[in-house]
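The chain below stands alone and is given in structure tokens; this is the form predicted alone.
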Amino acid sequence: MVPAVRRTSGSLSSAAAEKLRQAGVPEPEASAEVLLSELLGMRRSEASLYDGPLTDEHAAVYGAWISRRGSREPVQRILGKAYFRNLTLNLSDSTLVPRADTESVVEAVLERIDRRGFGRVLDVGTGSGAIAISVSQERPSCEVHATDLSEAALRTARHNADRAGAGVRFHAADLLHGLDKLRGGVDLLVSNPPYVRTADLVGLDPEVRAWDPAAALDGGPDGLAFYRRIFREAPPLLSRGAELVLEVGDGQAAEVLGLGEAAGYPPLGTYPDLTGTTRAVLLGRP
């Protein structure tokens, strides 16, 4: 009798990474290891060293996940959740996958809150709630509000806030319309608006193009349509001395600051992400 081949986490992960590499998936080892760690309920470093038994069920689930990843479905979509700072966020078809780049935007917001003593924060276009919930959780003395046009996205964000025990106040709004209750009371406005040029959508990675909602990506012909709207619509909501922290795409910082300055918002600075790329701009109230 031929002895059964012992199935190990290492052999599964290595075979999966090779399959993903052949499918053209970027960073195949990372995807294979993250999915394995989620399957086993372990940290990624622990899963790679796990020497315990792996069942047929484990292998079947893992194989299905790897096949989906090989079709360029993002790991976060496969798992239905994303990790962001201290949060585990549920996702839906109406929400972007929150990126690590946006964690730097949260850092910028927290720095301004600590420096200026801001009490009321408004997150415009909240999606899964990543920014608003992080701010509420990490600066509980702040009153945090968040908007989104999508009711489905707001349901997801509310669920995430409830799970995190964050007291964010959510509003259905087309950007800044219909927020009369906040008139003159917003100390800090933060947003990660759609900023991809319409013509560039087709060239995005499949993980983004096929899986993130187009409405959360498309920033118009030059990628700047939503910044113009924010600059136009924000003044009635802002308190004296208020500030804006806006996430920007690669190479957009100077253009966004220029648009803001032309609209009367004095530029106050920029913030980098972990790679050193400018990821957010800071502007003052007009």
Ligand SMILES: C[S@@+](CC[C@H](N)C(=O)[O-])C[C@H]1O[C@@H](n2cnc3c(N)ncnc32)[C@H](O)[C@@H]1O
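Because the structure is predicted, anything quoted here is derived from the model rather than measured. When you see a residue number, it is the position in the sequence shown, counting from 1.
Not on display, but discussed next: the form predicted together with the ligand.
Undergrad: Please tell me whether the candidate spot formed by 98, 148 and 175 is one where all three residues come within 4.5 Å of the ligand in the model of the complex (heavy atoms).
TA: Every residue of the spot touches the ligand in the model of the complex.
Undergrad: Is residue 131 part of the interface with the ligand in the model of the complex - any heavy atom within 4.5 Å?
TA: The answer is yes: residue 131 has a heavy atom within 4.5 Å of the ligand.
Undergrad: So, residue 226 and the ligand: in the model of the complex, are they within 4.5 Å at any heavy atom pair?
TA: Looking in the model of the complex, residue contacts with the ligand include residue 226, since a heavy atom lies within 4.5 Å.
Undergrad: Would residue 156 sit within 4.5 Å of the ligand in the model of the complex, counting heavy atoms only?
TA: Result no; residue 156 lies far from the ligand in the model of the complex.
Undergrad: Is there a heavy atom of residue 210 lying 4.5 Å or less from a heavy atom of the ligand in the model of the complex?
TA: Contact with the ligand, no.
Undergrad: Please determine, with the chain shown alone, which of 68-76, 161-169, 113-121, 190-198 has non-hydrogen atoms within 4.5 Å of the ligand in the model of the complex.
TA: Within 4.5 Å of the partner lies stretch 190-198.
Undergrad: Name the single residue among 182, 216, 142, 87 that comes within 4.5 Å of the ligand in the model of the complex, judging by heavy atoms.
TA: The residue in contact is 216.
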